[in-house]
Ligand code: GDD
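A single chain comes next, written as structure tokens; it is the form predicted alone.
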């Protein structure tokens, strides 16, 4: 597929600029349009789709934080489910041949991670928090629209991803921001942390963005409503990540547990099987995790 017009919702968020860059590389002649509508406003979304006339839409807009979803449950569902459906309905009515690439989440698998093995796309949804439940609801609703209404759809379920520009509300940037603050003398040499024993499957955001562009490029060869896990397959202990960042700082830092940073419900380990993305998209993570950590830390050191 060689799209002429690519619409990106959430284009100004963390992942958006990376997806823009990846699409520009994959489709150098494409027009990339940043969506400006409030996705919870049905009429505005329909008008946006009508005006943009996209050939493909990458849907990134949403409530992306577990904490923010927990403190604003109604809003999380209004955005992550309701807003996603507004976009899907607008495409079905105004641009039925356009492709929707939806940014889902591995959080949807939730309790299924307790099996202790890397999960593939056949794993059951078992969300353990509001964020995960809202993303799971949207993923399932879109799949139903692909099956019964012909929505052209690819669903991406990304595992934890980070990189320069991510908010300090997420674990690796939270560590990096505090370390940079200590180095600059803005903070006492004490670092507040949550659960350091948990193990998570991390990716670089630039690898995730490349997968989204590949999904557009390969969409004509994919089954309707196709699903892809984006994962490294390697769970990493949060405490080990912190140790690496502290070592890179070259300074002595005291680590203190803050109960406010603990999730009410958590799992010990999560990791994913991205074999299908390798087979069908030709995608695999390419950026070393050490490079990702270095780039995140440097982004805070330079601000």
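Given the structure is predicted, the values throughout are model-derived calculations rather than measurements. Positions refer to the first chain, counted from 1.
What follows is about the form predicted in complex with the ligand, which we do not show.
Residue contact check for residue 169: one or more of its heavy atoms lie within 4.5 Å of the ligand in the model of the complex. The ligand is not shown here, and in the model of the complex it never comes within 4.5 Å of any heavy atom of residue 139. Of the heavy atoms in residue 53, none are within 4.5 Å of the ligand in the model of the complex.
Mapping the unseen interface onto this chain, residue 193 counts among the residues with a heavy atom inside 4.5 Å of the ligand in the model of the complex.
With the partner omitted from this view, the residue of 44, 238, 246, 32 that lies near the ligand in the model of the complex is 238 [heavy atom within 4.5 Å].
The partner is absent here; in the model of the complex, the one residue of 255, 251, 68, 261 having a heavy atom within 4.5 Å of the ligand is 261.
With the partner omitted here, the stretch from 71-79, 143-151, 217-225, 172-180 that lies within 4.5 Å of the ligand by heavy atoms in the model of the complex is 172-180.
Residues of 111-147 that come within 4.5 Å of the ligand in the model of the complex, judged by any heavy atom, reduce to 131 alone.
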